[in-house]
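Only one chain is included here, represented as structure tokens and corresponding to the form predicted alone.
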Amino acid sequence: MEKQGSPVISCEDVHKFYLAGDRSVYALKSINLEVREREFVSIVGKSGCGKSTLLACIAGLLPVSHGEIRVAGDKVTKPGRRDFGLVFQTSALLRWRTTLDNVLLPVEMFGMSKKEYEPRARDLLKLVELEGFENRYPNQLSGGMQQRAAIARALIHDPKVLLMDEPFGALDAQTRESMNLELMKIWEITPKTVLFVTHDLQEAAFLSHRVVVMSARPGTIQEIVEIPIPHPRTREVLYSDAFLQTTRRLRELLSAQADAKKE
């Protein structure tokens, strides 16, 4: 794997409990993880294993019950960090705002100059192949186009870290593959530290330097798999022996969890 920089995200003995009705749920247990500068790390695991919960804790959207999370050395205690860009499964574009105005939304929220950032917004829309759609509304865009606009919105304030929670989960297989290639291109042009949650093992193996495999609830880190494929990555990677062996290894790890649960 290409050598990456110093740690940007650090999780130290993170636990998370929460109430669900009249019972307590143990969502995360003893999470220790470092994500380095300009590294692309994916988190995979069965539904309910705590992937999205961990991402929400790192984003400051949920408090941890024990342990601590640091980003660039600072303890995470609340949401709204300017060095974060967030992308979720649904684009969450505001239906009454044009594509351009949706991309500029974080600029307004952080009290920055909309006029100053408009050229950057237009450049980002060109980067995600939405040039010419600046004045369209979300209902005039396809699902893939909406997600590309959401990625541009996450990049507008030039964050150090992108947190992405199954951003392509609602897309059809062909559009999803296209979006993976698009995201890889964007990462190569504007390299960020990326933490990416997905249930798709091929997607994780294609995009990532490392893949974090989580166990069933309470979610723990079962193994971290290094991806032995250099960047940049193209569609041809999907047919390589290294890629097929890596996805097989990820599948075996999750299958072993299922088999152990049956015993």
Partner chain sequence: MTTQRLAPAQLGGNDADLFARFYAQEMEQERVKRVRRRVIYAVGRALILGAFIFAWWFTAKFYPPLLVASPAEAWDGFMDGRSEIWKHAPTTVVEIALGFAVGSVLGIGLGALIAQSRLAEVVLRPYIIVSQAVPKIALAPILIIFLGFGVGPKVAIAALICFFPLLENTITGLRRVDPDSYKLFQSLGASKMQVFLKLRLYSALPLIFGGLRIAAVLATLGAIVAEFVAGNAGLGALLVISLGTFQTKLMYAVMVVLTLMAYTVYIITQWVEHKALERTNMLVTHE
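Positions refer to the first chain, counted from 1. If you're wondering where the values come from, they're calculated on a predicted model, not measured in any experiment.
As for the form predicted together with its partner chain, it is not shown, yet the points below apply to it.
Only one segment in the set 167 to 175, 180 to 188, 120 to 128, 74 to 82 has residues whose heavy atoms sit within 4.5 Å of its partner chain in the predicted bound form; it is 74 to 82. At a distance threshold of 4.5 angstroms between non-hydrogen atoms, Phe133 is out of contact with its partner chain in the predicted bound form. Though the partner is left out of this view, Gln89 does reach within 4.5 Å of its partner chain in the predicted bound form, counting heavy atoms only. Contact annotation for Asn139: at least one heavy atom lies within 4.5 Å of its partner chain in the predicted bound form. Although the partner is absent here, Leu61 lies within 4.5 Å of its partner chain in the predicted bound form, judged by heavy atoms. Along 142 to 164, a single residue, Arg153, places a heavy atom within 4.5 Å of its partner chain in the predicted bound form.
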